[in-house]
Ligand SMILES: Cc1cc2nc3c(=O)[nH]c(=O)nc-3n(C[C@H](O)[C@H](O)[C@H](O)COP(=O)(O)OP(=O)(O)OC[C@H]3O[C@@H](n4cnc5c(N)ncnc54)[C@H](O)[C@@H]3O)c2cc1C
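As a starting point, one isolated chain is supplied in structure tokens, in the form predicted on its own.
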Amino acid sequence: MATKKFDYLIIGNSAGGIGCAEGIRRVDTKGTIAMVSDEPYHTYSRPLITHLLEGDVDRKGMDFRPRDFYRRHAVEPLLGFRAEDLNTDGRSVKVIGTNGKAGTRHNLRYGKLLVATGGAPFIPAMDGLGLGGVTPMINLAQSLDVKKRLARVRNAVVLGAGLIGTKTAEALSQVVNRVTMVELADRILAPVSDIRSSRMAADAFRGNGVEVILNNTVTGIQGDEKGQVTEVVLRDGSVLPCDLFVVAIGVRPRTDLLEGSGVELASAKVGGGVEVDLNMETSVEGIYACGDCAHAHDFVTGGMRLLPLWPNAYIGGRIAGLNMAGSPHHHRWATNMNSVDFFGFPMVSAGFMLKPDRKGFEEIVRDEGHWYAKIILQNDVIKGLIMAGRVERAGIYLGLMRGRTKVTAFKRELLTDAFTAVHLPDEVKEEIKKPITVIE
């Protein structure tokens, strides 16, 4: 087994890993970098995998960075290699080739390490999971496999109505005769909405031909003699015809590489994940983590928690890279922030979705039927935001949130038609113009 030594080793080739490489090269143009990924693909934009299904983008259009990225940043890509056996004392990781590289092994030694392994889909135990046409939907290989099947699919069922499930159902509805979305909760998009905005989003799905079943779940999967899925059985006993069954309940942090390594992991009570500080460094000096596998500082709540969002992964990786290369930086701008569009119905949410039942919190609501907005305040500082149907002023509100600006002087105008940036003091205007990615 060949041994290679690198100044920086990055496990993960998605947003966090790319951000890390770019952060390192901002400071250190000479140090050696290797990037390991168990996926064999050039770095791609994971949020676009459902767009591939409906033909909005092709494979090359999914590239997160140009094809010469690794060369221009002097990164040695080890794509199609699975990392295992992390030795924190010896600062080494073994990698084993997958797919076409099966049997190839390397022992990689490192000076600094970033773990950006992302999340693994949560798959509930049930019979029939091994049938053809049953799949999660979190990576490119799964999307490509589903795309090959679409010509034979008439009935698709999506289990889960979070961000992954809803985007998958929307994409499938453009190319499949019948799409049904099944959600155990009493509403869709529960983590990123309130009751009103969730109902509006559900109406957009139903209005575009997607059946939405709430307070229910799939308990069984049936197949034919060829081993292909044919129907699913719901908890209430009803049966849905099904040629494609997508399990989109959610993801869990992929931390298996770190188990037993001495790196501190969060408890299952808070969802697991890697504990990090504001520099994205773990409990072991020289080892960093970011993205869906790690915690990050939530500037709204003030605590550290899982924030599995693409922009958070990139910024966390870049912060880690800067620190790994010796330039101290803190990750300060993460929170539960989402911007989505379903069938032309836009939604933006950030921070608290529901007003905490604590002193100092209040909410301002405007509901015009076809559009809806809510702002949650704590002592006149914006701590939560939901906009559905119309989102054109979301950037202003998010800027005020990020700047922890007191809105006392213009609180009454916040959701009026007349409210614009003109209402803001000059120093506030300048502050909210700064993009959230400005960290240097």
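Residue numbers here begin at 1 and follow the sequence given. Quick caveat: nothing in here was measured; it's all calculated off a predicted structure.
Just so it is clear, the following notes concern the form predicted together with this ligand, a form of the same protein that is not shown.
Annotation: in the model of the complex, residues D298, F352 and G384 none come within 4.5 Å of this ligand through any heavy atom.
This ligand in the model of the complex comes within 4.5 Å of a heavy atom belonging to E39. Among residues of the shown chain, L172 is not one whose heavy atoms approach this ligand to within 4.5 Å in the model of the complex.
The shortest heavy atom separation between F245 and this ligand in the model of the complex exceeds 4.5 Å.
Using a 4.5 angstroms threshold between heavy atoms, A313 counts as touching this ligand in the model of the complex. Heavy atoms within 4.5 Å of this ligand in the model of the complex are found in one stretch of 188 to 196, 205 to 213, 134 to 142, 275 to 283, which is 134 to 142. Residue R46 is the only one of R390, R46, R402, R65 with a heavy atom lying within 4.5 Å of this ligand in the model of the complex. Only one of A83, V229, V263, V179 lies close to this ligand in the model of the complex, with a heavy atom inside 4.5 Å, and it is A83. Annotation for 115 to 134: interface residues with this ligand in the model of the complex are A116, T117, G118, G119 [heavy atom within 4.5 Å].
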